[in-house]
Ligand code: LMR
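Just one chain follows, in the form predicted alone, and it is written as structure tokens.
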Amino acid sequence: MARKKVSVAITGAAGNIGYALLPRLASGEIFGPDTEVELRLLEITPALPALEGTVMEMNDCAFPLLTNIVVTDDANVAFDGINWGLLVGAKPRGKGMLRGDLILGNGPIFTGQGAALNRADSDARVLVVGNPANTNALIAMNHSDLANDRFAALTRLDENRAKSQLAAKAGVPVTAVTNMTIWGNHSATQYPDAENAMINGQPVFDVISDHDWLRSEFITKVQKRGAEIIQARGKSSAMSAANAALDHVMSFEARTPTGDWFSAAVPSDGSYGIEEGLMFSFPVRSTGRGNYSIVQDLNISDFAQEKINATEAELKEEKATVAGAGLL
């Protein structure tokens, strides 16, 4: 029987996140032991020599399922015929740079990559990892002919962080935590929703009696975890970001277990009153092969609604910024 094949593009592939992504993509862990993998790696021209070194290592791993590696500084080449695009590369935030400056600095990158994604397979799925991820994804989506529902931004990292914090507080394995939702933006305004999450099938608020912690420290810990990691190690999170990106891919490729869901920033269809078209993190379920639906009818308390409104307001402001610059 012929093996299945998948072609995956990774931008910013010479960076730390790319270094953590590549061997796991090639190993068979993500798409299964019966699927051959082609990697199409995009980098800026000055980083190509470093990327060639990474490719040497990939070749030296002798992955049985890795059939081809394309190295290029041309997005049209990188995205040609792909099934998945992991857009990791983005302009980093410099000292003294405001978030609005970062958004505008990344705009031209994701405008061009959105157009180049027209060369992808028509059923391709795109995940934006590079920050500000939600608005970068919005820009790419608006410059591509791919269907809007093929685009997403990464909030699985925030979900994983939230699950880890809840598991530690409850003294249970992280696998005991389910139904964890991140609402809104991958930023310090995001809302990690413990009110609808479960631990061993029981509501979190029934399992964890410290409700003040759930409504305060837990939320800020998740919101600021990235900054905490930078302060501790002097570098941004790479291993956990790569792991979350791969979790995202696997969750979209498989059918979501009955009763559970996961978080992803996807184009709003108006659910929960969120402005249509915003790239907003919702609870979602996958039917497999990249198709998904937003989970409906969750209870939203007044406390939660205030948090959701705040992160929506930030995303509206970001959208207005890029629209004003002619990037949408």
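Bear in mind the structure is a predicted one, so any value in this text is a computation, not a measurement. One rule holds for the numbers: they count along the sequence shown, beginning at 1.
The following text describes the form predicted in complex with the ligand, which does not appear among the structures shown.
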Would S236 count as a contact of the ligand in the predicted complex, using a 4.5 angstroms cut-off between non-hydrogen atoms? yes
is_contact(A168, the ligand) in the predicted complex, heavy atom dist at most 4.5 Å: no
Is R161 near the ligand? Define near as a heavy atom within 4.5 Å, in the predicted complex. yes
Interface membership of L157, the ligand in the predicted complex, 4.5 Å heavy atom rule: yes
Checking a candidate spot here: are R24, G28 and A254 all in contact with the ligand in the predicted complex (at least one heavy atom each within 4.5 Å)? no
If contact means a heavy atom within 4.5 Å, which one of 227-235, 117-125, 138-146, 197-205 is the stretch that engages the ligand in the predicted complex? 227-235
Of 306-328, which residues get within 4.5 Å of the ligand in the predicted complex if you count heavy atoms? none
